[in-house]
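Form predicted alone, single chain, as structure tokens, below.
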Amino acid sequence: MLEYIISKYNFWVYVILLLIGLYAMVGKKNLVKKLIGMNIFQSAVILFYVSIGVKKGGATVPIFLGNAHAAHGHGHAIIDVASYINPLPHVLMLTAIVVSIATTGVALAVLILIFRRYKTLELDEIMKIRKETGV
């Protein structure tokens, strides 16, 4: 049992990163720390999806090159699908990385506006100022 758990160490790393990110988003009061926690959480999800997209024994990209990867039988090409690597998880995670960068950029711009208005990035202080001013 211990050997099985140790063999899946990469999944434990993802779980730890997820927990760190979740803790930072929920437990911290500073908005920059919350944003960093969100980025850690997103990175853990991306790493997880990339790792499950790996295929043992998969050595070929899914591009049909005529007779190069096919055995002929009865006039039809038979393709060994098991040897192909599925690129979809990796492509989706590239998209997720772009979305993560864009989200971080927008969030940093919003944090700059919040700091200019309230002169702090501490959530408790911002809520206190909002309550005092009635805004």
Partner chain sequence: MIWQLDLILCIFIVICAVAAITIKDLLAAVIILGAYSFFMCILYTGMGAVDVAFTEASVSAGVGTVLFVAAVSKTKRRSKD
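Numbering follows the first chain given and starts at 1. Computed from a prediction, not measured in an experiment: that's the story for all the values here. The term rigid core refers to the maximal set of C-alpha atoms that superpose within 1.5 Å between the two forms.
Just so you know, the form predicted in complex with its partner chain exists too; it's not on screen, but the next bit is about it.
Q: Please run the contact check for I112 against its partner chain in the model of the complex: heavy atoms, 4.5 angstroms, yes or no?
A: Because a heavy atom of I112 falls inside 4.5 Å of its partner chain in the model of the complex, the answer is yes.
Q: My question is simply whether S51 lines the interface with its partner chain in the model of the complex - judged by any non-hydrogen atom within 4.5 Å.
A: Residue-level check for S51: yes, a contact with its partner chain.
Q: Applying a 4.5 Å heavy atom distance criterion, does N30 contact its partner chain in the model of the complex?
A: Looking in the model of the complex, residue contacts with its partner chain include N30, since a heavy atom lies within 4.5 Å.
Q: I'd like to check something about M127: if you look in the model of the complex, is any of its heavy atoms closer than or equal to 4.5 Å to a heavy atom of its partner chain?
A: Residue-level check for M127: no, no contact with its partner chain.
Q: Going through 4-24 from first to last, which residues have a non-hydrogen atom within 4.5 Å of its partner chain in the model of the complex?
A: The stretch 4-24, when checked against its partner chain in the model of the complex, contributes Y9, N10, V13, I16, L17, I20, Y23, A24 at the 4.5 Å heavy-atom cut-off.
Q: Aligning on the core only, does the CA of T104 end up 2 angstroms or more away between the shown form and the other one?
A: T104 C-alpha, core-superposed: shift of less than 2 Å.
Q: Tell me whether N30 is among the residues that move between the shown form and the other one (Cα shift of 2 angstroms or more, core superposed).
A: No, the C-alpha position differs by under 2 Å between the shown form and the other one.
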